[in-house]
Structure formats: structure tokens, C-alpha cells
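Let's start with one chain on its own, the form predicted alone, as C-alpha cells.
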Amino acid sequence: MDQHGRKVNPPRSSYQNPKRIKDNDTFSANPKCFRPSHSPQEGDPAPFSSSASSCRALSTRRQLYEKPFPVYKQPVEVGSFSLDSERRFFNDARQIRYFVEPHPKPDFDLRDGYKDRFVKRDEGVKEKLDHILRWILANKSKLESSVAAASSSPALGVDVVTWRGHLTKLLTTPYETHEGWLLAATLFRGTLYLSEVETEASRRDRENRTERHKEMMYWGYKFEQYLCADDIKGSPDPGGVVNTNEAFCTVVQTKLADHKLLFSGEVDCRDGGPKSPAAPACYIELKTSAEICTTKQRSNFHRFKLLKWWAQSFLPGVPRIVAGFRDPDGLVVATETIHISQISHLIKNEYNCWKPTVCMNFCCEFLSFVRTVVKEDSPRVVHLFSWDPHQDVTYTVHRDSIYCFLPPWYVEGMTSSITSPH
């Protein structure tokens, strides 16, 4: 959860207008999706490193994915849920918060409350997909009633269920140079479930964070507290407790090429104005970053931080980010609104910068790769996909292993008439 002193006038949604990303790839004006202006050419290199019937690896080389932007339908919110101060699931929006416009010259001390008003979620507890699965069970009848009558349709009517954060990692993979990942995949009743597994390197980093690193992680949550109110007509309460167990999550459906996706992601707040659009377009992401003082710092901000910010917000259709730029002591010196549809314009003059089309094409190819590989429909079988920087994506197969992540209560609930969460 988680930068520039000026504001940009909000453009119309990038999902609804023809845009030009890079390399003259264009989109149609179809209001529901992005579409490439031409079809892939014969002779384009294949990202799979062996034949389609027995592919064992997927390349992450960027040039393979410099193709027309894939079709990505405008995300539609199909529900939401809340997690309370004890991380308990509620099938409602009780944890939604409302954005309050900051003063042009903010006076936010992000260190305030770190020592005495901070309740931190236990990151050692791996929740896997459990909260999304509880939402699916609670809304099972609604999901199933919307499924087409075609017998080939999955029980849920979607091809992939996962967290937004897992998809964000896929989008950024072609440009990631430090952190690898592990993704567990299980096919159950025709739907592919993707759940992240913590790598050993990530576990070591988590367990060996410096006190400075821990405090700086808190700063992002504290920034939210300065800008969010619990009630639509309320005011922020920066003197309150920051509890990172609490969360409001949107659940969206969309389609990337031929992959029907259902995923959830935490939302920082929403626009509570009388003319605010429907979800997810009313949601706002809040971020913090170091103050930008030099041309080099601005370039690095565009090339590295904006990649992850863009991916995280673009996927669920969140249209804007409000960024707080802070000094080394955690004092916010400026805020800026960054519109997701303008990020490709911000980065276009950066040398050797990331390209949205590469990100989306890699994610699409990865999902195709997984669906090609994972054929056995069983919650007992996990394909573990592994990637390290500068390497191909590979996988191993595990049966009745520690990697199984679909809990018995979900499997039973999906195969019976039970419709309430565990």
C-alpha cells in the first residue's frame, strides 16, 4: 500500500479511448476493451522453449513480448469484502474508507505513532487464497447463475482465480532484476487457482529487515491515515491506531485475451464525492516515495517505481494514484495526483524504459503456458511455477504436498449446496 508538486487534469479513462503506447501499437475505440490494431505476424518468435505439447519452460526475454497490446476488457467489480482488526472476513464493505483532499502544503509526519499506535499484521501467517475463497463461497449462487449454459464453461465461469498482487508480479517480471517468485497452480472444477509461495530469499529478507526498513514500511500506512476518513462526511484521524490487519478488498472480473479472470485486491480508499463514478473507477490508490530533487531521481522514479504503481492500479481499473513525496525524515513535502492513463506518456522519453505492452503480453503468455501445462483437475495436485531474474519460468509437479492450498472447506463447499463461508 503503499510523487512533484503539480496536478494533472484528469483525462478520460484509458479503457475507453484509443491510446498509443509504444512502437505505434494502437487501440480501437471499443469502450469495453483494448484491441491491437493488427494481428501478430507469422514468424514471430515463440516464448515457449519447446513444443506446445511438452513445453517445459517460458522465456521472459522482453523482445518476445513487444507485440500489439492484448485485448484487456474493462474490469467490472462483482463484489467486495472486508477484513477487520483481527483479520476476520466479512462479506461487506464495512472497512471502506473515504478520500479527503490534502492541503496543498501538507504537514504530515509519517513517523508519528510508529512506536505506540501501530498494530502490525503477522506476515508469517500465510493466508494463501483463503479470503477470496470465502468470498466465492459466500457469493457462489450469484457467480454460478451468471455462468453461460455451455457445458464447456467452468463452474465459476472464469478461467483464473488469484490475488491482484500475484498478477502484478507477473506484469513486472520482464523488468524485474532482483526478486524471483514461486506460484502454485491448481486446476479445480475447470478453474485455475494461482497462489504465491514465499521464496527462501523473501523469507530471509522478511526476517532480517532493519529497524529503519520496518519503520519506512509503516510510513505508507501512516500516509493513508492522513488522507482517509471512516465516514463519507468525516475527517481523517491521524491520532488513531494504524492496524494493518484491516482491509477493504474489491473483487473484479475481466478478460485478458481469452483468459477470464476473477481476482481481488486491497483498495486504499474511494472518492466519496456526489459525482464519483461507480466502482472500481471511484477507487484511489495512495502511495509514498522519496522526494525528487534531481533529474536522475525523476528518471529512476519513472523507470522503476511507476512500473509497479501502474501495474497494481491498471489491473483492477483504479484510475488514479495520490502520491506523497517525503524527505529522509518521513515528512511529506508535497503530494501529486497521477492518472494511470497518463503514465505511458510520462515514461515515453525515458531511455530503455519499461513498456506496458510487454508487461501485459508476458502475463497473457504465462497464463496460456500454465493452462497448457496444468491438465489434471484435482485440488490434490499442484504445479509449482518458479522464476528467478534472467532465467526462464519452469515448473515442478507435486501431489498431496505442502504446496496444496485449496482448503477442504472450500473444496467441500464448491461440491455441495453449501453457500456460506467457512
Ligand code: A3P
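No experiment lies behind these values; they were computed from the predicted model shown. Numbering starts at 1 and runs along the sequence shown.
One more form of this protein, predicted together with the ligand, exists but is not displayed; see below.
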(message) Here blocked means 3 or more ligand atoms within 2.4 Å of a backbone or C-beta atom once the ligand is superposed in from its placement in the predicted bound form. Does this form come out open or blocked?
(response) blocked
(message) For the interface check, one of 216-224, 295-303, 337-345, 133-141 should have non-hydrogen atoms within 4.5 Å of the ligand in the predicted bound form; which one?
(response) 216-224
(message) Within 4.5 Å, heavy atoms only: does residue 286 come near the ligand in the predicted bound form?
(response) yes
(request) Find out whether any non-hydrogen atom of residue 186 is located within 4.5 angstroms of the ligand in the predicted bound form, and reply yes or no. (result) no
(request) Enumerate the residues of 235-269 that have a non-hydrogen atom within 4.5 Å of the ligand in the predicted bound form, in sequence order, or give none. (result) 268
